[in-house]
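Next comes just one chain, in structure tokens: the form predicted on its own.
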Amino acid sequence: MDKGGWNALAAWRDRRMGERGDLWHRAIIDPTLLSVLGQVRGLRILDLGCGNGYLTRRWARLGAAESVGVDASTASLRFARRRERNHPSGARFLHGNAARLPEFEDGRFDRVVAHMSLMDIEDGAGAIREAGRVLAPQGRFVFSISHPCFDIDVRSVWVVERHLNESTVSRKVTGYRKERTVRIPWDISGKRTAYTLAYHRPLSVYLRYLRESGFAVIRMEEPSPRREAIRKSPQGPFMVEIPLHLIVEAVHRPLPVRSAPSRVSSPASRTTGRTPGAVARRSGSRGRKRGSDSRRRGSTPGS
């Protein structure tokens, strides 16, 4: 069942993304994400919400020891697998739910990446917990999302004010604090509009999910548009001033298990106090109707 609505967009998205990503990915989001991720040679990488798998295959070609893409959209996976058959890279693609990944054992991967997919996953907390579970000790979780402060589904718009020869650009935002599910329109042809589900969460909610799953944030970036985006996208010049995307890197440090207070009343027990708890890994687990511009990744691994 494609609850998020991404199967209907799969063919259109595959044509746009190709092997390099569309304009918004290759000229705005991807350069910063790839810089944060760094060298991948010899690493085991899980790509959550892989879409047509163009980055999954890229990491395999760059020497990743293992590069696995997971997506909930069966149609998107068909395109990913077709591309892999036509031009083998060594990447693998699996159908799955980002919040429940029983096919992967604890500590399987060195890196987990969720590129423009986490805001499309209904159980965001579960997806982050699973990312922590399948990461090796000190593994890194890197994700990109629509900026929760400046790009709130259909409740945020650009405001351009012109006075004489000067222009001022600002962003009008409403409803930031309220978590919300919204249908996002995609103009996939002159006569057809498709819809997907997105889940707005304030930045503090993402940080709480990370903290509760044993992650410590070590880096946050707000991508700036490259020259190609500034030249070709009407919104490119605006994003020089106000970012529409956020990239987060977090290191996984499994939470300690607290032991119960000792009930032994001997002097020795009163001196030592509590028994140190052992460290254990938890085992639980918008695109917009914008014409030629598109900034979403692909599909949602949410349900």
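Just count from 1 along the sequence shown to find any residue number. In this text the structure is predicted, and so the values were computed from the model without any measurement.
There is also a form predicted in complex with a small molecule; it is not shown, and the following applies to it.
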The single option of 152, 91, 134, 72 touching the small molecule in the model of the complex, heavy atom within 4.5 Å: 72
Partner-proximal stretch of 157-165, 229-237, 110-118, 213-221 relative to the small molecule in the model of the complex, 4.5 angstroms, heavy atom: 110-118
The small molecule contact at residue 148 in the model of the complex, heavy atom, 4.5 Å: no
4.5 angstroms heavy atom contact with the small molecule in the model of the complex for residue 128: no
Non-hydrogen atom within 4.5 angstroms of the small molecule in the model of the complex for each of 57, 68 and 139: no
